[in-house]
Each structure stands twice: as C-alpha cells, then as structure tokens.
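Shown below, as structure tokens, is a lone chain in the form predicted alone; questions about how it binds or moves come after it.
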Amino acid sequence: MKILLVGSGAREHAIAKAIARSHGAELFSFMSGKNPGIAKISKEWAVGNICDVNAVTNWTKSRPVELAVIGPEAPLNSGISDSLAQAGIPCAGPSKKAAQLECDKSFARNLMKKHKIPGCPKFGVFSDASEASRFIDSLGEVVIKPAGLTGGKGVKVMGPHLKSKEEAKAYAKEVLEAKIGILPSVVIEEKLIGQEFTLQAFVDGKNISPMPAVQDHKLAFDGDKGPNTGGMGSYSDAGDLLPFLTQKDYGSGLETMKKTILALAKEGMPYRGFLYGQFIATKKGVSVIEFNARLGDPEAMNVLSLLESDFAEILRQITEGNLKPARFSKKATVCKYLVPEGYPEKPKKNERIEVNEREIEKLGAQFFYASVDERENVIYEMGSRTVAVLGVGDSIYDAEKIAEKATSFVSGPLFHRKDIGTKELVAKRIGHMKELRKI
C-alpha cells in the first residue's frame, strides 16, 4: 500500500515508523521542513507549505498514492482531507467540518451541550469582553481558552497562569482584541481539579478502537513548574490504565468519545481518523478538557511504539469503514522531549544539534525528530520541541531509566524534564487522586 504522510514533527516521525513496520507499505511524505527521520523512511518526499491544499494535492496526484494520513491539525483545518478525497485519495483524517471538534473549541462545547454528551464542564462562549467578565465573576476560578488553534500554548488557568479574576478578565479581553487563535471568540470554563489523561482512538465514522491511556506533561520545568508548552513528555503504563486511573475512569472517557462520534454523524459530519480526548479525572468523575482531531504529540510516540496490529491496515480500515480492534503490547513507555534553551518563551533557534542514533538504539530506546531541519547533512533545531526519546519497559520506572539514558546521546543547547516517569512524580499523581476521591 502506498501511503502519503502530511507533516514533519515527532508525531509524524512516529507515524512514519509505524507505516514502515507495516507489511508491503511504501511511504510518500510532504513536510514543512526536512525531518531526517521521515526522509530516510520515505520512498519520495517533498518540503512545502503543508496547509497549501492545492500544492499537497497536486504533488500527491502525480504519485501512485492510494491513501493519505494527516499528522497535524492545521492542514485539517485548511481542508486537506476534503481536497484529497475529491482527488480520489481516501484520507485517514477528518473533514474540515468534522475537524472543528479541535479547531473551534466553541463548536466542541456547543456540540456536547446540544447532544447531552457527558463530561462537559460549565462554560460560556463570548465575543464581548464585558460579557466575558461578568461570566468570570459568576464562575469563580476559570480557564480561559482562545476558540481557535494556538499550538497548545493559548490556554491559561487561574492559579498557575492567572493569579486573580482581574488577570483572567484581562486575558479574556486580550484574546478577543488580539484575535489569539484567529477566531473572534473566547471560551471560558470552570476550573477543574484532578489529574489529566489522554485517551486516543482510531475512528472509521461509526466504530472506535481505543488505545492505552497516556499522561502528558505540559509545564516546562521539573516539578510541574514554568509556562505551558506543547508537551514536554509523557508516559503510559503496562496496560490500558494509568496508575491513578480506575477502569471506570477509562470507560467514562471512552463512552464520551463514542457519543461524540455519534453526535457528529447526526450532524452530517462523519468522523474518520484519529480522535484524541484530553480528559481530567476529578472527585465527581471524568470531564472533557478538549478534543483533538489527530494523534497527540508526544502521546503518539507512546501508543504507536506499542502497536502490534498492522498500522497500514488500520488506516485502510478507517477509510473503508470496517475498523477492527487494534492490539497493543502490554508494556510501559516513557517519552521525554529535548527542547531549545529558553523554550517556550525565548527559545534559541537555528542551533546545530547532534543525535547519536546508533547509541540510542543500542539501549533499546527510540528517537523521533521534531522541529528540526537538515541542511547539508547537518541537523538544526528550529526553536520548538526538537527531539523526543522513548523508553519501553515492563514498568514505567524501567522505561524511564531507558529514556533518561537516551537523552545523553542528544547534544546541543537543549534541555528536558528529568522527572517525567520517575517514581516520585508518579507517586505524587497517585496521592493527589487518592486525596480527591476521599473528599
């Protein structure tokens, strides 16, 4: 099977590796910058604007591509799936309308409200700053979200980011006036207390095949400190659950995702591709933080590294509407991102890095190139998350030791969170949930 991959980050490198493991699959890649890992796996590749649907479609039409898979959210929001489908190339990625589930947070919340989907917190959508301020007064502690896409960096929470209602009101006003996220509205939600987890699934429009749960770490520095990032790393346990989750928590998240897929179908927007539910387990149950219309980054690395089913066959099933349950090995994983010094606020850019791929692989670890560019056989970081390393083991702690050792084989002006997957941090998560469930 000849498959097009759109995207050039670490998530896409993980997708590329999964395709390469598939029987008889050939990869064609359209990237925004030369990811050396993806290029090495691809039969053919090109660099260009991945949101230019005509450029991507025309390039693909001149190749013997049978199916496409989309990595990031921005091309989905540009309508790439629709364009490829019109060219006769089925796509494992939702249509532009269905991708609103991620690309317009107000759409997602209103869909949940209309169809009475469980897990929806109290929320309001506003285009007027005065109305937003009054709603903040009525809720108390809140989360402020630009309605549109911000690359995972636009959400601010009272407590870690906003110290008072006045700061929350000021940020809501800034979102509207500066059009952060492009869309002219801001979503304001009640602040939820608990532990976040990611549940991803393959979806064919009606059937859903879930993956193991993963926990991402958004804050930049050890000890859950610092600004929000796109995600500094993540872990999964040896099975579907995380150490602080119950089977009921996992089941609640999955049921919410199933009802969301049914709701989209009723609205005339059948959803095909990957669905990523960002959930939070609280003392009152599981709530939805947000939906994403693609695999997570870094969470894709965790789950695809465990996938035992043929990935190319899964992609085919997604496009044909006959999805079967996927199989995953019962191992634990820990993923750690190396990022430029100064990230995310004032990152160094265009600095040379080196990745000793051979030594990483000797450890039994994996590596994934992210925001890099390769020029004349030299790899440069481009100012965002740069390289991810991943360890797989019988326990989270075994996997963490492998991942941490692997970071020593990546050199350059980079740093990473050393605490992801450690016993101390996981114990903190477990203890937090135990305390919440007692209240």
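For every residue, the number given is its place in the sequence shown, counted from 1. Please read these numbers as outputs of a predicted model, since none were measured by experiment.
The form predicted together with ligand AMP exists for this protein as well; it is not shown, and the discussion that follows is about that form.
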Is ligand AMP close enough to 201, 272 and 320 in the model of the complex that each of the three has a heavy atom within 4.5 Å of it? no
Verify the contact flag for residue 220: yes if a non-hydrogen atom of it lies within 4.5 Å of a non-hydrogen atom of ligand AMP in the model of the complex, no if not. no
Flag residue 290 as yes or no: does it have a non-hydrogen atom within 4.5 angstroms of any non-hydrogen atom of ligand AMP in the model of the complex? yes
If you check in the model of the complex, is residue 336 within 4.5 Å of ligand AMP, heavy atoms only? no
With the partner left out of view, is residue 191 within 4.5 angstroms of ligand AMP in the model of the complex by any non-hydrogen atom? yes
So ligand AMP isn't shown here. In the model of the complex, which residue out of 261, 117, 143, 149 has a non-hydrogen atom within 4.5 Å of it? 143
Contacting member of 182, 129, 157, 265, with respect to ligand AMP in the model of the complex [4.5 Å, heavy atom]: 157
Where does ligand AMP sit in the model of the complex: which of 93-101, 324-332, 168-176, 183-191, heavy atoms within 4.5 Å? 183-191
Heavy atoms within 4.5 Å of ligand AMP in the model of the complex is the criterion; list the residues of 97-111 that meet it. 105
